[in-house]
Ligand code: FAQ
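Before any questions on how it binds or moves, here is one chain, the form predicted on its own, in structure tokens.
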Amino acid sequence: MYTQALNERETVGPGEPVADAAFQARIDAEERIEANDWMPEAYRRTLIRQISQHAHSEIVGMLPEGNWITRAPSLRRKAALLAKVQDEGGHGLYLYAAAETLGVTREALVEQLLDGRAKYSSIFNYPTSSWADIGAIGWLVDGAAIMNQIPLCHCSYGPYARAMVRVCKEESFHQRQGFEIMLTLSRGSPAQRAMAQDALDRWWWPSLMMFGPPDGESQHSDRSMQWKIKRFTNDALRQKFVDATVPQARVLGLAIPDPALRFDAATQHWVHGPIDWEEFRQVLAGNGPCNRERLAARRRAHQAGAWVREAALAHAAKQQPAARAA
């Protein structure tokens, strides 16, 4: 899931309670918090940061796959990938709308993304060098996203939780689409099988990093779980993903690129080797393979779309008198 912003330290202003007792009682009773309800300022800021990062990730996430639409190997693959990229854009819009219920404008959030102040998921700073990467992204990246997004359907903040219901339905299609691409390649020619294995080799570890740092290094998870914004820890979700994905790789006949991977009979879990957290920190800091390329592409798109935004605003202004009269 694209919740790496939850690992950033939150500050609480002087005199502001961390969680009002009545508010926390509502959370503990599994009540949904709505836009017009009172909430601690730190709760509101945490939600804005998480939802906006999630929205940014959906929008930036269109880029690694979008450049393969014209190079898809068949019309069927082209149509499916086009639909998927369109879905991701829609997810971004749902999430920006959910963030706006917290009193922040979409324009302000987009500006934070474009000037580099806002984060998006580290996974989208890796290149897609072959068609198999599209399958690996669907299978692994969207699979990891679903693992974290399904609990968000039960998030304590109503607008976010409701947006996630539709997002998860569409993401499940994306995951199946990616697995089907990998299955086709793994049953194809030796060159296609090698391409699928290469994609798995390159996307496996970044996919595990998507869940964020180990629980001991996650600075903000405790409060987010207290407020039931987040339902599971980073390590718990990562373990669920590994346990689900290793058997899928065996169905594909592909090898997980982890020589330390083993099954622990005592816990009935797959145990993975050490993750290179320095790579994760470097990518988050803007030093990944495609950080600059991704932001540059978003800035170009924003500038190129200025006339559309201006036209929409002008049209809305023209419609206001008629709307008021009606």
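Numbering starts at 1 and follows the sequence shown. It should be emphasised that the depicted structure is a prediction, and the values quoted were computed from it without experimental measurement.
One more form of this protein should be noted, the form predicted in complex with Phenylacetyl coenzyme A, which is absent from this view; the next part is about it.
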- Message: Using the site C-alpha superposition to carry Phenylacetyl coenzyme A over in the predicted complex, what's the verdict for this chain: open, or blocked with 3+ ligand atoms inside 2.4 Å of backbone or C-beta?
- Response: blocked
- Exactly one of 98, 81, 109, 152 has a non-hydrogen atom within 4.5 Å of Phenylacetyl coenzyme A in the predicted complex; which residue is it? 152
- Though Phenylacetyl coenzyme A is not shown, can you say which of 185, 163, 242, 209 has a heavy atom within 4.5 Å of it in the predicted complex? 209
- Among 189 to 197, 134 to 142, 100 to 108, 71 to 79, which stretch has residues with heavy atoms no more than 4.5 Å from Phenylacetyl coenzyme A in the predicted complex? 134 to 142
- Please check if residue 213 has a heavy atom lying within 4.5 Å of any heavy atom of Phenylacetyl coenzyme A in the predicted complex. yes
- Message: So, residue 148 and Phenylacetyl coenzyme A: in the predicted complex, are they within 4.5 Å at any heavy atom pair?
- Response: yes
- Message: Would you classify residue 272 as touching Phenylacetyl coenzyme A in the predicted complex, given a 4.5 Å non-hydrogen atom cut-off?
- Response: no
- Item | Contact label in the predicted complex: residue 39 to Phenylacetyl coenzyme A, heavy atom within 4.5 Å | no
- Item | Stretch 110 to 126: residues contacting Phenylacetyl coenzyme A in the predicted complex, 4.5 Å heavy atom cut-off | 119, 120, 121, 122, 124
